[in-house]
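Take a look at this single chain, the form predicted alone, given in structure tokens.
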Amino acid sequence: MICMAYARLLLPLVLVSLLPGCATFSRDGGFDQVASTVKAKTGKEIRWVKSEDERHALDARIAQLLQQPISVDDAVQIALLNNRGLQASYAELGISEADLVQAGRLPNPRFSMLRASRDGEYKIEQALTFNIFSLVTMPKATAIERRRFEQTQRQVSLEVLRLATATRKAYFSALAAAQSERYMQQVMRAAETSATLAQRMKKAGNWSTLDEAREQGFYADATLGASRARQASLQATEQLTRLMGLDHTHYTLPERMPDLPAHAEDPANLEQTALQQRMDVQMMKLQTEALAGQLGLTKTTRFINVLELGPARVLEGRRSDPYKNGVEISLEIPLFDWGSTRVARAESTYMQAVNQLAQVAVEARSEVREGYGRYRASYDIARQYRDSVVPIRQKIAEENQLRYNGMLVSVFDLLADARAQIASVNSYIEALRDFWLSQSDMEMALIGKPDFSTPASALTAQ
């Protein structure tokens, strides 16, 4: 009878020892879900580089993309493949999955032994116990960790999408800066020619010193403008280079910015779409659900910390006496903490998450409204420059040139008009840049928190 009872006690431990085989790591570490989300949102692929061979294959792919002037899609693809900071963030998936697998595995059995002897008398106690209470809490703990793992997947996906948006904005900024630099170089060369002509006319006695000084001043201003444009172009190009993860700037950008679309987009139900799609809202929902589960788990375990059960045997007396078989049950009783503090902390943490989720939802709706407002305003501004301001300045310049040839206007009127035309062309380049930046921000506002800092500063400068 004793042997049968002993066997019945051992049987659960044997079965329990087989359970850890059910909790294993996935083949992809959760990366395929992230790659699928990024593919659906951007149409681009991402890779988690884990070997030198994969790195070499990736370098060959990037080198192929760099052989021609890169488009905005090429720049985003290069950044998503080559940015080392992004590769580092993929490790978070492995950490989170390890926590999930650990939550699905049982703790190791515990073996304890007591041995004492005196004058040939022995007392030996041996016990093999196991924390059976973990069997009760394991499903709930695993569900909590699974939500956290899904939250990590969304967090990594959001980082990838943020990098894609930042690269798009850096690309358009670099392209606009390079176009503005080339235009200012042309203006500087024209001003240099005009200043040289003024010197010759001054020597010939046809111009006064004041007239020559005005031409020299215009040339000096054009030189400063070209220097500032070169500096802005350098900064924007290096920003793009860093995001693409390149160690050099040996790539070529197109000559001009993309044209303004014929019509501005007018999407419907922006706020509802944002609440359904934004990954930060989904992450907060998962966090709140995980904390709710954590709160329930804390309440369940508030009075019982550890309940261990297992077979035991005792030898007392002579060494040749037989062992007495039995069962050992141990229960850890919290004398100084009955769980009230842990429950109070869990409740406060949960309510904190609930309010944070509400705030994230409010901010998401506001940001998508602001994003579309900026997008629409930048489109109208760029269209106004394209259709009205630049053509009118061009027409005024042509008319002034005719009047100057007929000696109906002075050279000062011609120079003043030239400065106004330069400003209008540069303003159109900046307005076109701001439109593409605003479009990137609006698209980001539908899937995550946008960064309005760059377009705001540009629009303020107008």
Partner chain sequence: MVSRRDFLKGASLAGVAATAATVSKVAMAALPEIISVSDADTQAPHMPDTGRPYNPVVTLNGWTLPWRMRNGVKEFHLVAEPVVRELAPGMKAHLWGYNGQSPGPTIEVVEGDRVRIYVTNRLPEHTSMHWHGQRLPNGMDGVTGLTQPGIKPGKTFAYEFVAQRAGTFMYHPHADEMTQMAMGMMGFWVTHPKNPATMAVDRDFVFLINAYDIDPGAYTPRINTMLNFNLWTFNSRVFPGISPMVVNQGDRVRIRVGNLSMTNHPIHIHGHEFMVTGTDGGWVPPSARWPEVTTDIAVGQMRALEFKADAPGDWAFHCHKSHHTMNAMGHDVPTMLGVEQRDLKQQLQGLLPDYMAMGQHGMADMAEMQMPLPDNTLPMMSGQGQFGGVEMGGMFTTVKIRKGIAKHDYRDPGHYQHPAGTVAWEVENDLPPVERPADTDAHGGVEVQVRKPGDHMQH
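For clarity, a rigid core is taken as the largest C-alpha set superposing within 1.5 Å between two forms. Values in this document were obtained by computation on a predicted structure and should not be read as measured data. Numbering follows the first chain given and starts at 1.
Below, we refer to the form predicted together with its partner chain, which is not included among the displayed structures.
Where does its partner chain sit in the predicted bound form: which of 119-127, 343-351, 78-86, 182-190, heavy atoms within 4.5 Å?
Flagged stretch: 182-190.
Which pick from Arg115, His248, Lys203, Arg318 sits with a heavy atom within 4.5 Å of its partner chain in the predicted bound form?
Looking at Arg115, His248, Lys203, Arg318 one by one, just Lys203 meets the 4.5 Å heavy-atom criterion.
So its partner chain isn't shown here. In the predicted bound form, which residue out of Leu65, Val49, Ala57, Val409 has a non-hydrogen atom within 4.5 Å of it?
Contact residue from the list: Val409.
Is its partner chain in the predicted bound form near all of Gln33, Ala35 and Glu289, within 4.5 Å of a heavy atom of each?
No: none of Gln33, Ala35 and Glu289 comes within 4.5 Å of its partner chain in the predicted bound form.
Any chance Ser26 has a heavy atom within 4.5 Å of its partner chain in the predicted bound form?
No - in the predicted bound form, heavy atoms of Ser26 and its partner chain never come within 4.5 Å of each other.
Consider Leu197 of the chain shown here, and say whether it contacts its partner chain in the predicted bound form, taking contact as heavy atoms within 4.5 Å.
Close contact exists here: in the predicted bound form, Leu197 approaches its partner chain to within 4.5 Å, heavy atoms only.
Verify the contact flag for Trp207: yes if a non-hydrogen atom of it lies within 4.5 Å of a non-hydrogen atom of its partner chain in the predicted bound form, no if not.
Close contact exists here: in the predicted bound form, Trp207 approaches its partner chain to within 4.5 Å, heavy atoms only.
Flag Ala40 as yes or no: does it have a non-hydrogen atom within 4.5 angstroms of any non-hydrogen atom of its partner chain in the predicted bound form?
Contact check for Ala40: no, nothing within 4.5 Å of its partner chain in the predicted bound form.
So which residues in 45-79, when you check its partner chain in the predicted bound form, have a heavy atom no farther than 4.5 Å from it?
Heavy-atom contacts to its partner chain in the predicted bound form: nothing from 45-79.
With both forms fitted on the core, give yes or no for whether the Cα of Tyr90 moves by 2 angstroms or more between this form and the one not shown.
No, the C-alpha position differs by under 2 Å between this form and the one not shown.
Using a superposition on the rigid core, decide whether the Cα position of Phe149 changes by 2 angstroms or more between this form and the one not shown.
Shift at Phe149: below 2 Å after core fit.
Core superposition between this form and the one not shown, C-alpha change of Thr249 at least 2 Å:
Result for Thr249: no, shift under 2 Å.
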